[in-house]
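Listed next as structure tokens is one chain, alone, in the form predicted on its own.
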């Protein structure tokens, strides 16, 4: 599993993997930082990264497709990001949430790239920005309910964790919480619709519109994209009913196009949420959109009776993160960078298609919109959550474990991302690994 790296992984850490896990379990719930756990047999603690490659605690080198959960769109330790962070760190790492030049420059850059955006407010994570976007929508409309789509992940707030991974199918728009500790009363304010079903979504909205503040949707949910007519219908029904349309572009923003989903679809939302790729690996996110909605975050409104909506935090517009984000966007804007990035991703997926056909793996299919990729094992097309859960998860897991065994690090069962550092060499390495992993998964 993996191959020896040329340099020592980390001379300051000693002890076996089992001892490290025991240390973690003494101080961290479950011994982990969140919910992602490598399965038994995968002994892996990342220590350093350069470009598309990482080195773990045992000094083994892996080609990495976790990409910091999709945030490292330029790869690990990109020189432009490193320079920007070093230069800003020598000036200041934090000013509290007041005007500063890195944040101002970044806001201007976002409005330049995403042409329909008029105002920007920064946060630290996609989850936080989603929370702000929903609050702005409620302030702007005076309504409380939101519509989301089954299987969509919009972060960890109490409003978002409904219908993300339902264990049993229930009739729409009913849903259940995905976590303990969420007040059941919030479920009365969340309506869930099937993705890529414009008629069902429109029916729910037209029935409940007097109480609906926002419809929030991912232009690419998991790895399947919105089909023609879906976003158009959402835009039309939101316009007709005075509802705020929110794009969750934490994944698609500055990855599928520099101008966001609206650049690709021609359909503009009222608000968009950006994260992951925006910060180039540092914790930066943004809610951006029309002035009419964003103006509710203007403290000159005075108070809630005047429609003022609290959308800030102490770290909002952190200059260190904003400097890294600006360097990331500037690098992505260089001539040919995005084109080469997307071309490499399509070359990988084309190669995977060839492997699937050559191996006669009729139940396997290559998935992933834009610079996302995977192989899943299902007979029919996957266009929404209920189709996705019918795929063969055991075989999918074996395929991912086979990739790790061949030196390609992925999040087992999770989404695989591309970075600009994944080029011809990396594509060829991945295809060799995928061939071996697919053979093992099909046995």
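Numbering follows the first chain given and starts at 1. A quick note: this is a predicted structure, and the numbers were derived from the prediction, not measured.
The next section is about a form of this same protein that is not shown, the form predicted in complex with a small molecule.
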- Identify, from the list 415, 50, 60, 44, the residue with a heavy atom within 4.5 Å of the small molecule in the predicted complex. 415
- Students should find that, of 73, 250, 288, 244, the residue having a non-hydrogen atom no more than 4.5 angstroms from the small molecule in the predicted complex is 250
- Among 141, 235 and 270, does every residue place a heavy atom within 4.5 Å of the small molecule in the predicted complex? no
- Message: Contact with the small molecule in the predicted complex for residue 198, defined as at least one heavy atom pair within 4.5 Å: yes or no?
- Response: no
- Answer yes if any heavy atom of residue 194 is within 4.5 Å of a heavy atom of the small molecule in the predicted complex; otherwise answer no. no
- Task: Look up in the predicted complex whether residue 209 has a non-hydrogen atom within 4.5 angstroms of the small molecule, and give yes or no.
- Result: no
- Query: Taking heavy atoms and a 4.5 Å cut-off, does residue 154 contact the small molecule in the predicted complex?
  - Reply: yes
- If contact means any heavy atom within 4.5 Å, which of 336 to 344, 74 to 82, 357 to 365, 121 to 129 contacts the small molecule in the predicted complex? 121 to 129
